[in-house]
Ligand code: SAJ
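Form predicted on its own, single chain, as structure tokens, below.
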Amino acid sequence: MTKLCVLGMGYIGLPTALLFANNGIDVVGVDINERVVNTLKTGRMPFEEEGFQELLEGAYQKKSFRASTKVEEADIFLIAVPTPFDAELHMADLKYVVSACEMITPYIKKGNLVIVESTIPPKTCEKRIRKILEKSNLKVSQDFYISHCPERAIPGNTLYEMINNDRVIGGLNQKATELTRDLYSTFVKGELYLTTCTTAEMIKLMENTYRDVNIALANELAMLAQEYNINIWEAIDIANKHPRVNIHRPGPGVGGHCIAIDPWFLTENTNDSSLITLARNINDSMPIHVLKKVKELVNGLENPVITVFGVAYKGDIADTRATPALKFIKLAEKEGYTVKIYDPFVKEFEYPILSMEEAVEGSDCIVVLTDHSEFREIDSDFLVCEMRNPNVVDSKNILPKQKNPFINYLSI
């Protein structure tokens, strides 16, 4: 049986490891976080998402998965560690990828395959990872093989997308690409598109950059629509009836582990990226724009109390990575506003998460920053009764369409 060593038991690495373990591969999952490893050893997932616990139980029943803090010899090594963003330099911080490569280098032997799933800038495998792994005194593409197979899954629907989405695979040579294809075909039902390593690195970044630029366009159109007193949500819905138009939805900014970060990975080594850079700046500025709308509603009030509905970066999940809500909250505090937060999914955050009743009581303005489905059913009569001043800024157009005449509503 093929043995696979997966480094990184996070949102992508762990379910990937478990999918392989449930499909005929002997897997050891490695993470330097002892809490994560110890939780897995007890048969529990360190985080929740639909289908993950059952996947873990299936792997343990097959005796094909175990967790460890130490790397072991294997036939294949898969690196799925985070790639943080260096906000000061606007560059990818490759420290975890480099560390993972250094951890496996002593265990590399002839015939091994090393797959990088972590999101990385173009040429990283060819220039950086190759150099580290060749400290094993073996030669890439002669003695062992390197490929890149970026993940394409979204939190909240991870398991389905890992199995059913198409994947792109690029090796440093043809054999690396084919070996990687053979491995992923054990569970991926989508198409496996084969290309070069650098092309695969760029494709992942292109996909998220497209979405970021499209969202920036939607946000700029939303601001222009306000000058013409136009309902931007209706305008976008109708414009998208055109067979060749697909404008995304405006909002308070962009968050998550991909869209807000990947464009910078693509542009960190070039000056030829004015459109991409402009889009990033537009999206990063949206919390300022939302706060401007709040100021319009609370102007003249003494010691305004602001209630934030939703700090997750997208609806119906608990993930707050790179959430634009954090910037909005900090900006509101700088204005001297008291900020209270309600989010039905998020349990841990930099600020306290209150019950809806606590968050709404005495509020002067509710600011909707996340499109949780629950918000579609908000009782507007309850808001009127509990709030000191019934003002709402709905940046996601998620609140019930039947507007309460006693509430002052603003969109973005």
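Position 1 is the first residue in the sequence shown; the rest follow in order. The model shown is predicted, which means the values in this text are computed figures rather than measured ones.
FYI, the form predicted in complex with the named molecule isn't displayed, but the following is about it.
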Next on the checklist: Does any part of residue 262 reach within 4.5 Å of the named molecule in the model of the complex? Heavy atoms only, please.
Outcome noted: yes
Next on the checklist: Taking the named molecule as it sits in the model of the complex, is residue 328 near enough to touch it, meaning that at least one heavy atom pair lies within 4.5 angstroms?
Outcome noted: no
Item to check | Close approach of residue 293 to the named molecule in the model of the complex, 4.5 Å, heavy atom | outcome: no
Next on the checklist: At 4.5 Å between heavy atoms, is residue 151 in contact with the named molecule in the model of the complex?
Outcome noted: yes
Next on the checklist: The chain here is shown without the named molecule. Which stretch in 88-96, 271-279, 174-182, 200-208 comes within 4.5 angstroms of it in the model of the complex, by heavy atom distance?
Outcome noted: 200-208
Item to check | Of 308, 254, 162, 114, the one that lies within 4.5 Å of the named molecule in the model of the complex (heavy atoms) | outcome: 254
Checklist entry - Here the chain is shown alone; which of 258, 125, 101, 81 has a heavy atom within 4.5 Å of the named molecule in the model of the complex? => result 258
Item to check | Residues within stretch 311-327 having a non-hydrogen atom within 4.5 Å of the named molecule in the model of the complex | outcome: 313, 314
